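Structure 1 and structure 2, given next as structure tokens, are two forms of the same protein chain, each shown alone.
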Structure 1
Amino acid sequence: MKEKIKVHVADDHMILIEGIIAMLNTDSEIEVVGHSLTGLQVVEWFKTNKADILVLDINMPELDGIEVLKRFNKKALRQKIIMLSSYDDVKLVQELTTYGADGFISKTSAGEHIVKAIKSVQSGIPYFSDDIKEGLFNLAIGQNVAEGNRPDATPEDASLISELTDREIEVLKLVASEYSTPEIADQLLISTNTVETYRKKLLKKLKVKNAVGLAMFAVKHRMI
């Protein structure tokens, strides 16, 4: 039997938590293993418990979602996190991805996207609503143009790109094009374990936190 995706839900309104849990309970592949009402409760829960996915509200008492992300990032915890918020500010979303967020959905569309987002992030594919995704890519492209429209906008970036092998570049392009690990394996005729090894190498070489960072790096440097 396929192991269920374990989810922890964090929001400062119990009624919203209950609504999300009710939606997730309708999917046989997902299991809610805990919930928190404050950012501090989230941090404390993860000290002794584990979940595959953390659904995290930005506006939380005691510690907000951004501070929770920073703490996880500081401790190098590779926790998959989907941010839940009423905000759609692209620069805020970009900031959240630098701290390790793997997805971003609005509270108003949570019912439509939450299950799909969880399954996507669990499979290694970042999940953002179409408008957020377009905004992120446009922002990256705009920054590229502002820097002179050069694929190697900085000496540091040029050095990072020069360290990539041809196969790593292939994997990077496919990750940025939203291919899942099994799809990349089929495309390149390699095992899924090998794809995951390339992903880890890319994260380390390009100094980014997750697949979102890889995608934005590829877009900024016109690799897709």
Structure 2
Amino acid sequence: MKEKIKVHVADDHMILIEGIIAMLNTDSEIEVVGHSLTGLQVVEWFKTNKADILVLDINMPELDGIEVLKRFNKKALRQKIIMLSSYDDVKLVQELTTYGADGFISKTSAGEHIVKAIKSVQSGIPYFSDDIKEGLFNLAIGQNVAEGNRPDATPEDASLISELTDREIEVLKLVASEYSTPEIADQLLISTNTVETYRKKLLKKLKVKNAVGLAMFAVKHRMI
């Protein structure tokens, strides 16, 4: 009897986890050996356990799926990782693959794709769901037409959070909560000038144009 493929599922929605587990359990070659609701739980779990494949949601509280991916990549663990995306974040795919993601499926695709992805990835073949592929294609087309071959094609950008200081993150959260600079200064008991400084640093670091961009970043990474 063949050894089953051991899978760990991580997503902050318990319902989704249960759904995926129910689906995977119908396949005799796959065995779900664990699950996590936050990025930290994933990291903790893998300290004392092992799985062949980690199905990892990008959007999770505490520790971003992207962050988790990076950590595992640094530590050079051997389990394969399939990323799960809520909002078809095609632009991230390229960077995420450089961090060691072996597969990529969007939640809008059907569940059978997870089974396919797991089997494909387990046998060493990267898997991308059709809509992700299409998105990548469109992105490539658009890029070629719009900007040709760019000099510095932002290799990071996936997880800039780690580059932010504590104070910057505080300010970022408040900006994303609709507070103005004077209001933020009041709350943090610092000068408006200082808050301005943080805002500008954030704009640069996160490569966005304005407060809306900051807010969107915060949302994307579940900081609020």
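Each residue is numbered by where it sits in the sequence of structure 1, with counting from 1. Predicted model only: the values in this text are computed from it and were never measured. Rigid core (definition): largest C-alpha set, two forms, superposition within 1.5 Å.
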Looking for the form predicted alone among these two structures; is it 1 or 2? 1
Taking the rigid core as the superposition reference, indicate whether the CA of Thr48 shifts 2 angstroms or more between structure 1 and structure 2. no
Is Thr26 one of the residues whose Cα moves 2 Å or more between structure 1 and structure 2, with the core superposed? no
Establish whether a shift of 2 Å or more occurs at the C-alpha of His35 between structure 1 and structure 2, with the two forms superposed on the rigid core. no
On a rigid core superposition, how far has the CA of Val212 moved between structure 1 and structure 2, in Å, if you could check? 33.4
